[in-house]
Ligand code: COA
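Take a look at this one chain, the form predicted alone, written out in structure tokens.
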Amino acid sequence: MIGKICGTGSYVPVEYMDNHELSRTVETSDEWIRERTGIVKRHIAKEDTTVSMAVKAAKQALTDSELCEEEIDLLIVSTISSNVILPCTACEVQKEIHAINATCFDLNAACTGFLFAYNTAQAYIAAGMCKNVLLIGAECLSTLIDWKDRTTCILFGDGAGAVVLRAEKGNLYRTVSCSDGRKGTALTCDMGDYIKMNGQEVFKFAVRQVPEAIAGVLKENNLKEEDIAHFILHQANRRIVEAVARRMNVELDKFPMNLQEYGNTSSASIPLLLDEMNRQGKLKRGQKLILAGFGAGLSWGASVLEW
């Protein structure tokens, strides 16, 4: 058995901060940010929380899936920025949407979190442990940002994305998943502190490891680049996505991006993009996609998804 996506949803706060507004608080400019990141604005939660954003994205995904809440038997939330520790975010979402039959837990793998949550859900489905899974990536990163630190405050935004997986007959694709804690100091956030990042190290890591992970997952599944309709990368930085496309010698059109609107939303970025593409009719049944995540840990990986 394999989990097929049967519903998507997303939510971002109404409030946002564009580059011009940000330039009034730190020494930067719209041109400088666009050139180095591709980001134009980022949505900022003021009334919302990680839980409330996750709930809103989940409700959209359930509506799109045409499943009812009671049919969900596993609920995973990927987040590093929840407003709650106990109960976990997933249990808070369960309570709000009345998914009374779901086993719930959170997963923390930063920007690779949604990918690892997706792989976890596929393993549960393949083992026959569940049939319908609600996966959510939700982040309120504005609470972890020093708004006077130009290296981080220009990058991150808040939001949530969700997908529903339904068990169907099919073969499970092999995945590539990696971590290297020895290099974790490149991107950190200690308790009670703000996110700190060595941007150059993260960039070099991403443009080296992501193409290798994608090449590895293609080889593991006897696929070629031309078999893939879209490469859905974590939306961290336009330069990273462009560098990955160049290294793979694949046209940039196959690497959709929406980071200009949302910034880096960590574990929410992949499901946000999937929902946007789904609503725009850009995803067709039978298409093969590759999901690729990379970030703190350091962790990274790639998986094949058949739409």
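Remember, predicted model here, so these are calculated numbers, not experimental data. For every residue, the number given is its place in the sequence shown, counted from 1.
Same protein, other form: the form predicted together with this ligand, not shown, and the subject of what follows.
Asks: Which residue, 179, 83, 185, 151, is the contact with this ligand in the predicted complex, using a 4.5 Å heavy atom cutoff?
Replies: Only one option qualifies, and that one is 151.
Asks: Note which of 93, 111, 140, 136 lies within 4.5 Å of this ligand in the predicted complex, where distance is taken over heavy atoms; exactly one does.
Replies: Checking each option against this ligand in the predicted complex, the one that comes within 4.5 Å is 111.
Asks: State yes only if every one of 237, 264 and 294 has a non-hydrogen atom within 4.5 Å of this ligand in the predicted complex; otherwise state no.
Replies: Result yes, every residue of the spot touches this ligand.
Asks: In the predicted complex, is there a heavy atom of this ligand that lies within 4.5 Å of any heavy atom of residue 47, even though the partner is absent here?
Replies: Although this ligand is absent here, residue 47 would stay clear of it in the predicted complex, with no heavy atoms inside 4.5 Å.
Asks: Although the partner isn't part of this model, could you tell me whether residue 65 comes within 4.5 Å of this ligand in the predicted complex, counting any heavy atom of the residue?
Replies: Residue-level check for residue 65: no, no contact with this ligand.
Asks: Mark residue 279 yes when one of its heavy atoms lies within 4.5 Å of a heavy atom of this ligand in the predicted complex, and no otherwise.
Replies: Heavy-atom contact with this ligand at 4.5 Å: absent for residue 279.
Asks: Look up in the predicted complex whether residue 194 has a non-hydrogen atom within 4.5 angstroms of this ligand, and give yes or no.
Replies: Although this ligand is absent here, residue 194 would stay clear of it in the predicted complex, with no heavy atoms inside 4.5 Å.
Asks: At 4.5 Å between heavy atoms, only one of the stretches 66-74, 243-251, 48-56, 24-32 reaches this ligand in the predicted complex; which one is it?
Replies: It is 24-32 that comes within 4.5 Å of the partner.
Asks: Just give me the residues of 182-215, first to last, that have a heavy atom within 4.5 Å of this ligand in the predicted complex.
Replies: Contacting residues: 187, 197, 199, 200, 202, 203.
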